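In structure tokens, one chain follows: the form predicted alone.
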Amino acid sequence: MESSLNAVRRAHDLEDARDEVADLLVIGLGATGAGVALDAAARGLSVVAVDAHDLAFGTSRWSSKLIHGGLRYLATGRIGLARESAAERDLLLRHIAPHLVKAQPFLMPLTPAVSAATARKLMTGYRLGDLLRAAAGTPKKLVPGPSRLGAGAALDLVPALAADGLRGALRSYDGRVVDDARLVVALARTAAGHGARVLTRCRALGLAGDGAEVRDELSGETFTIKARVVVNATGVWAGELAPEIALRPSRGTHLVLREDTLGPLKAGLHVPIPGETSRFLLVLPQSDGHVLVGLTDEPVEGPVPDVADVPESDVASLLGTLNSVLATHVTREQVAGAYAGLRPLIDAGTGRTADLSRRHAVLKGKDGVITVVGGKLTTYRRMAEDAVDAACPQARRSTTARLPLVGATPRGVRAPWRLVERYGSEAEDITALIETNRALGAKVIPGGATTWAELVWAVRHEGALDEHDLLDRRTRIGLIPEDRLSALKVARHVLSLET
């Protein structure tokens, strides 16, 4: 299929990229970079997109998995950003990736720590968020409006809540993506389907207005990729290639809990963070049974690492806030995994990172290189459109607002629901692999959901080149170190058979 990414296509595209002059060279293949590649390719431009590591290697895979409707931005008076976020959420829900993006219910428990006045203020905020939904044209059946529940109804949805003193809960809805890394893979593959050359394991060593010096991290060979314009979409690492870019990274940490830790969850949670007026801890149940608990917002000083460490202070802080609303406390030993992502916040000179704007910026350097930074996962498409508009002002208008990603038409698909929500219409192809070879229906780890067939599919069509790609990004088995270790043998065996 035209959108397939694999080792063979990489070799061909790498050879062609060395011999041609592309209209646009994109550096970075997170959500923004992959979005830029898709936006440009869909306009008919020739595109080469490279990343030093893999698709979704950096910040994009470490998100809260939320597709925000703009409520938090309303609380801080950023009306334009709130509207933009609600509009982009609508496009993802209805047109771009309806298989990957759905509405998620959340409860805000009305504990003794939440006064009646605070509850009224929060409900007013939720209702304003619902007005944003309506203004964006999102049907209420996709994102229902807020409501107040009694204590009994709240405990039915989240039995783990402490019943003592519970007055009920405020229920609201927001968007969520089943897997942020899979969204990036879908973006990159859709770009490839429109002719973009998507090259992982290609590190940009230096940028110029007409191209970049690149090293193939697999062979060690260094060469030049020529282009009429270059877009730096490396996120929190943007300043390494464009030193004039000033960023203030912040660390967002999440905990990963196993399914039985909190018991059945029919809704996520918003838990007020002590001392904050518009920030909440999030409890987000995942379709694989795991539960994410996050997130922190701590400044990061010094060199930016490829993968951020999780300090114990973050773990303790998150557990403290979570346990403030639970009947039985979660202990440190029950935390099965943890991860941290680094936000590429634009340096405003003063203030906490938690208070810095999440608005994106498109900046042109003296050498002509376009850098796009800031923003949120929700608004990747708008960031990409703005970047291509700046880089190629003579190109035709963007078409990505109504452009479905690979797999985005899952209606009528006959396959297990778990596969449909991750692969959309391609779930039938994975099911066909299992029907052809029953051995591929085996689970990668005991008690897990991921099958051997999904690993095979990732190697053949999703550009996975090694076990890290398979376990840490195409699937998320690697979020729990114990599970990752258990799956390594299978992942390596599949790679030996497919490469």
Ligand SMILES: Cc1cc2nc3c(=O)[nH]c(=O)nc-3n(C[C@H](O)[C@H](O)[C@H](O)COP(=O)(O)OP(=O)(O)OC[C@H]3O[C@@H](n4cnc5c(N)ncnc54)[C@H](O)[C@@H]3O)c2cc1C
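All of these numbers come straight from a predicted model, not from anything done at the bench. Just count from 1 along the sequence shown to find any residue number.
Keep in mind the form predicted in complex with this ligand is missing from the figure; the text below concerns it.
For a residue to qualify, one of its non-hydrogen atoms must sit within 4.5 Å of this ligand in the model of the complex; all three of 33, 344 and 374 qualify. Residue 58 belongs to the set of residues with a heavy atom inside 4.5 Å of this ligand in the model of the complex.
At least one heavy atom of residue 54 is located within 4.5 Å of this ligand in the model of the complex.
Taking the partner from the other structure, this ligand in the model of the complex has a heavy atom within 4.5 Å of a heavy atom of residue 378. Interface membership of residue 82, defined by any non-hydrogen atom within 4.5 Å of this ligand in the model of the complex, is ruled out. Comment: 201 to 209 is the region of 201 to 209, 157 to 165, 120 to 128, 384 to 392 lying near this ligand in the model of the complex, near meaning a non-hydrogen atom within 4.5 Å.
Between the options 268, 109, 407, 235, the residue in contact with this ligand in the model of the complex by a heavy atom within 4.5 angstroms is 235. This chain appears without its partner; in the model of the complex, the one residue of 295, 101, 192, 225 with a heavy atom within 4.5 Å of this ligand is 295.
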